[in-house]
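Next comes just one chain, in structure tokens: the form predicted alone.
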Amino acid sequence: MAEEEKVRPYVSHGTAMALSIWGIVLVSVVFFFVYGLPDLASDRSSQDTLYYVILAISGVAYIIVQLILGTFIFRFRHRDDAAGSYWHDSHRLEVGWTLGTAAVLVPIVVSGLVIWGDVKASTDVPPDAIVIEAVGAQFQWDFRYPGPDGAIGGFQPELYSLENPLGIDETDPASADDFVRTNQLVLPVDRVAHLRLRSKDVQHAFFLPNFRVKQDLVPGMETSVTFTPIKTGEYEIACAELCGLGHYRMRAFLTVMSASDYDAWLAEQAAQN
């Protein structure tokens, strides 16, 4: 009688663990349908396609494995008359799951490399692209737009000062008509945008969730991103790198306008310069 009282709790543990695993699978599936990617607003749909393919494959594998694991735990939970069975390696099984895994992963890796190649190749800026300089600093974003000449002037880090926070080289004729807006980026829809990124102080990360754009800003280096907005609207710009105590305040907004509205806005801003 005393031995039965010691064994009975282990029977409950097996059932409880199986129910817990099945419950976690159910909650995971519900959360998958509740939380997804933000609406796509750029031409980078191939990234979403690959993401959902990987998510579908790994999600189905996760559900099947966890359901089988819970079933085995429940089916083979403790019994007084049960006897364990043991076996060693199976080369056929090992070869099977290795080839099966490779058959799934190799196409995913190749597809990822192709998409990454397209993203990197997009740094070849077409002649009609909108070119804007984005400067990250603790804790704001500054965007420098070219004036009527269509060219952004140079900068020199040694020129940083309270009067010239972006270090703009005013001896460069192209700088004369440039204008700067803080935490406000405006782009036209359906036109390639090329952003030249630099940091004044520490490492930042320019992050546009709706545009599938994320690029580090490294002090002493100039990086860039190129993409095409496909939807008008207002979107959030975030810093995705913990850059200091005020990191949470490093937030800006991107407004995507029609071509005519953008031209009118650009002319208005240039006139105020």
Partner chain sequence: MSEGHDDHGHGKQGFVSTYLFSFDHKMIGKQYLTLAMMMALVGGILAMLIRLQLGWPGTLWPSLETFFPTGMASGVMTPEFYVMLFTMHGTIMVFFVLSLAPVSGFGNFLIPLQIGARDMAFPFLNMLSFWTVLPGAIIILISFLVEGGAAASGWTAYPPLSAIRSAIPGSGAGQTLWIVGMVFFIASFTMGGLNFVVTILNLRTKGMKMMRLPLTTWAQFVVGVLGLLSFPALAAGAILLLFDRGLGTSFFLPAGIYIGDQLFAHEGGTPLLWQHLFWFLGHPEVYIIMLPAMGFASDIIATFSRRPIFGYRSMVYAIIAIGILSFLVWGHHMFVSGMSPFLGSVFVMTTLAIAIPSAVKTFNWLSTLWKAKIRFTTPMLFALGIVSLFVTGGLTGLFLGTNATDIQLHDTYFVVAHFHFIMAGAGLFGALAAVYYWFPKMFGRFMNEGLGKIHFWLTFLAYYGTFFPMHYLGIAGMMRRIYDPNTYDYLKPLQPVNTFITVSAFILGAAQLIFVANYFWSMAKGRKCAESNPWESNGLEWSAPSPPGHGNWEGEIPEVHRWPYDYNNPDEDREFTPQWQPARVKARG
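Numbering follows the first chain given and starts at 1. Quick caveat, the model's predicted, so the values are computed rather than measured.
Just so you know, the form predicted in complex with the partner chain exists too; it's not on screen, but the next bit is about it.
K.L.:
So in the predicted bound form, does any heavy atom of A61 sit within 4.5 Å of the partner chain?
P.N.:
Result yes; A61 sits at the interface with the partner chain in the predicted bound form.
K.L.:
Taking heavy atoms only, is I21 within 4.5 angstroms of the partner chain in the predicted bound form?
P.N.:
I21 belongs to the contact set for the partner chain.
K.L.:
State yes or no: in the predicted bound form, is some non-hydrogen atom of M250 no more than 4.5 angstroms from a non-hydrogen atom of the partner chain?
P.N.:
Result yes; M250 sits at the interface with the partner chain in the predicted bound form.
K.L.:
Does the partner chain come within 4.5 Å of any heavy atom of Q203 in the predicted bound form?
P.N.:
Yes, contact at 4.5 Å.
K.L.:
From the candidate stretches 159-167, 181-189, 124-132, 142-150, select the single one in contact with the partner chain in the predicted bound form, where contact means a heavy atom within 4.5 Å.
P.N.:
Answer to the contact question: 159-167.
K.L.:
Under the 4.5 Å heavy atom criterion, name the residues of 100-116 that approach the partner chain in the predicted bound form, in sequence order.
P.N.:
Residues within 4.5 Å: T101, A102, L105, I108, V109, G112, L113, I115, W116.
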